[in-house]
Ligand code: H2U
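Let's start with one chain on its own, the form predicted on its own, as structure tokens.
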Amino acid sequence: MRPMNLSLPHRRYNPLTDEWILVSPQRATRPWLGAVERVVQERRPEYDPQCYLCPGNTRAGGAVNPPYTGVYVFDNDFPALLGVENEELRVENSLSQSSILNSELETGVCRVICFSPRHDLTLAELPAAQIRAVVDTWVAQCEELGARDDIAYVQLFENKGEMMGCSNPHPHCQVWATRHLPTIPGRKLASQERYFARYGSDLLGDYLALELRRGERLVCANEYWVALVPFWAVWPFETMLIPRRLVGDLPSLLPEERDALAEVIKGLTTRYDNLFRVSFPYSMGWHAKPTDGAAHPYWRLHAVYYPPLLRSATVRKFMVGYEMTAEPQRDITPEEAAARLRAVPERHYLEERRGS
């Protein structure tokens, strides 16, 4: 079979979510007269007395943060989910169902994880040792919440930057633990299970082996982790973190794999910032196996990064029009995106500016 010319418009298949994406490389140079984002380059202070998340400050809900010195976790003051102890949820626990209109109550836990007391340092600017402390906190939260009988899935995610709807600039992420398996992890569960039943191996493991052979979509890697731009990436500089060992969740990581994860997060997020020399916005999420007690031997832990920037720090990708009514579409190819991320240095541009 003759290789496809990937410089022409084509579709790519995402086997994890059973979706297609349109790739249109010829559109990458089209004129842009649309929205231009403002770039905020001023440095934030180490401590902001007006920040709800800084140590010692009063949060919007009235609670006071302790004078924390490391990673800090607390229950979200404005959670998207309510716990089973809520009286109304105990009463209204029936399922409303018909042939078309279906609904069911959802319960769970929402928490906030501040990466450090520093108001001004994102993960890209923290040393790997402090990122390791964040990784350990992720593990602890997954262990605690995943052990509960009323929790079916633990979703860790970070929204970084105003462009991604982050409501507070203090570097942090969130954990939402839900009674039911959410839609996207549910799709990935079904896809990985089908693949395993057909081939006897895990989908992401076979995919990773293919990417390591080809090399064209790799961004950075170490002994235990690989960061790459997926073949089916939707966002311009979308990436995925995949462990080399078949492991289903964060608590199953060995100590050396946690160290290596901190290093690859540092390398990837620094490359993001260096690409356009700006604190790179993104939404990141971990996809682990469900916490239902089943083995799920086909599920390989992975993280996804969805950054919105397209051409520069001021031009972003919008999911509109064709994307909303037909299927996702991208301009620059995943191979070009990976090459550009590989080409930037791993030393943060702010360190270079400071001459440190």
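As the structure is a prediction and not an experimental result, all values here were calculated from the model. Quick note: we count residues from 1 along the sequence shown, nothing fancier.
Only in words, not in the display: the form predicted in complex with the named molecule, which the text now covers.
- Although the partner is absent from this view, M324 stays clear of the named molecule in the predicted bound form, with no non-hydrogen atom inside 4.5 angstroms.
- Taking the partner from elsewhere, Y68 is found to have every heavy atom lying beyond 4.5 Å of the named molecule in the predicted bound form.
- Among heavy atoms of R59, some come within 4.5 Å of the named molecule in the predicted bound form.
- In the predicted bound form, R132 stays away from the named molecule, with no heavy atom inside 4.5 Å.
- Heavy atoms within 4.5 Å of the named molecule in the predicted bound form are found in exactly one of 226 to 234, 165 to 173, 118 to 126, 135 to 143, that being 165 to 173.
- For the three marked residues, S201, I242 and W299, no heavy atom of any sits within 4.5 Å of the named molecule in the predicted bound form.
- Of the candidates N76, Q155, N274, S252, N76 is the one whose heavy atoms come within 4.5 Å of the named molecule in the predicted bound form; the others do not.
- Note on contacts: among L105, L189, V112, A221, the single residue with a heavy atom within 4.5 Å of the named molecule in the predicted bound form is V112.
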